[in-house]
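Quick heads-up: it's one chain on its own, the form predicted alone, in structure tokens.
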Amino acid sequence: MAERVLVGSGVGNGVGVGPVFRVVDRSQRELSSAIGSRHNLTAIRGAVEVVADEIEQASGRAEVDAVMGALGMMLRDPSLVEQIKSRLADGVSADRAIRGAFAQFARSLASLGGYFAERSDDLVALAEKVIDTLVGVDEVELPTTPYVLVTDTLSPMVASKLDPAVVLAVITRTGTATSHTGIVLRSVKIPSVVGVSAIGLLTDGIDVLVDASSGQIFVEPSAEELENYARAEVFEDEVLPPIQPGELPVTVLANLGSSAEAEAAHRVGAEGVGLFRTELLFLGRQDPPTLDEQVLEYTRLLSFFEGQRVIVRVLDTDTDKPLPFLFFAGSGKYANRGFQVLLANHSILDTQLEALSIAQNNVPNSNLWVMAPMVITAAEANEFARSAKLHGIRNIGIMVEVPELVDALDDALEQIDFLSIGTNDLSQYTLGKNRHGVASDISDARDPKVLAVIERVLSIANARGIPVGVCGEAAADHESAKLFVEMGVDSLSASPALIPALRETLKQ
């Protein structure tokens, strides 16, 4: 499998594979604001006007025209320059005055909520564009051979000029799928993942696979992953009808990283969500998301899938994704992984479960299932069930990702309604492969030792009438998927990009 997988918010439905070209962050530049310098208010006002003119002249698509018109109006708002003027009068440098004014303007938009809040992220990139214009810095010279663009911020204007024949995909640290930049990237049909806090791990020249439909970035993807996604490209532009009852031998669900990716799941006819990764809400923050922030995201998600199964995994973190507000938990090979982290940070778990419960009630026809990551013992399973029930969660599950759980599974299922097998970790731990050493392959899920564990899980669960799904990468693998169906799993869950090929596989 890939060296590592990063997550963000997907934009569009495509897949891009290629070498990284990293644009260096220039947001730390410091400029003078001395009287008479070329960075005074007159020069800054002129730079804002130049950028506004450039934005309003960008055209070619109806969606882009609408976006550019809105951005031009923002830049021409008199209060923006007044805020810059006020900061300069206080002796603040030009760069800080510009960034501060744009940030204040962004906060004002965010406070309005809804559409305006989603537009506020666009101002971050525009501030840097104004500074570039002020100091006479040209846009970065981009490669002429195919590449994946990695950058901290990307303005809608720059995004509109990208050539899809050369720019295979885009990855940004900031932004949202519904920002102006996101809208433009979707319009120019460049698969993108935004809001990726760990882009520092992406260096020039390394190969990445960008799956915009699930918000995942595979760093140094394996041959099997490339093959699976090559099969997916055949269906890339298709919109498939919803899967009908009885059409396939198992339920086929989508793996998503944000509610913005719901459209991708609907495009391929998924029957619901088999794994909703909540990490995106938590990554890149100094403090955990508030109850209201989480309620909004979970309500959006459930409203897109009314009446359909939606399986949400509570926060799953490990040493690859350090979060400053979490206490370290555990020791040995499972240190700082899975549900034991939430047990050591119970307030985080309680807030998340409360938000899910409120969202469940906000959408009357919702079919919410909630599961805990990497449960190791029966005691952990029982504690999660107890906590979930206290918050009104009706369908409670756990992930099977470590072989030790199987020996305790009978006791662990006392209060559990469903199981989900994470084949990536289960294969690695069953076969004794180091997560940060020898990489696993998707085919490891078909190793006799791993299959023996899965068979035991199915046997114990079937005896209790508990459904078992598979949500790891192997769920979309041609050979593995058929094997799992023969073994008796209830559902398979995969990236939306991989579902069309999976549907064809299951029909054979």
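Bear in mind the structure is a predicted one, so any value in this text is a computation, not a measurement. Each residue number is its position in the shown sequence, starting from 1.
The form predicted together with a small molecule is left out here; the points below concern that form.
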item: Heavy atom within 4.5 Å of the small molecule in the model of the complex - the one residue of 128, 316, 224, 383 that qualifies; value: 316
item: Contacting member of 352, 423, 179, 258, with respect to the small molecule in the model of the complex [4.5 Å, heavy atom]; value: 423
item: Contact of residue 275 with the small molecule in the model of the complex (heavy atom, 4.5 Å); value: yes
item: Residue contact check: residue 471 to the small molecule in the model of the complex, 4.5 Å heavy atom; value: yes
item: The small molecule contact at residue 337 in the model of the complex, heavy atom, 4.5 Å; value: yes
item: Partner contact for residue 253 in the model of the complex: the small molecule, 4.5 angstroms, heavy atom; value: no
item: The small molecule in the model of the complex: contacting segment from 275 to 283, 291 to 299, 196 to 204, 100 to 108, heavy atom within 4.5 Å; value: 275 to 283
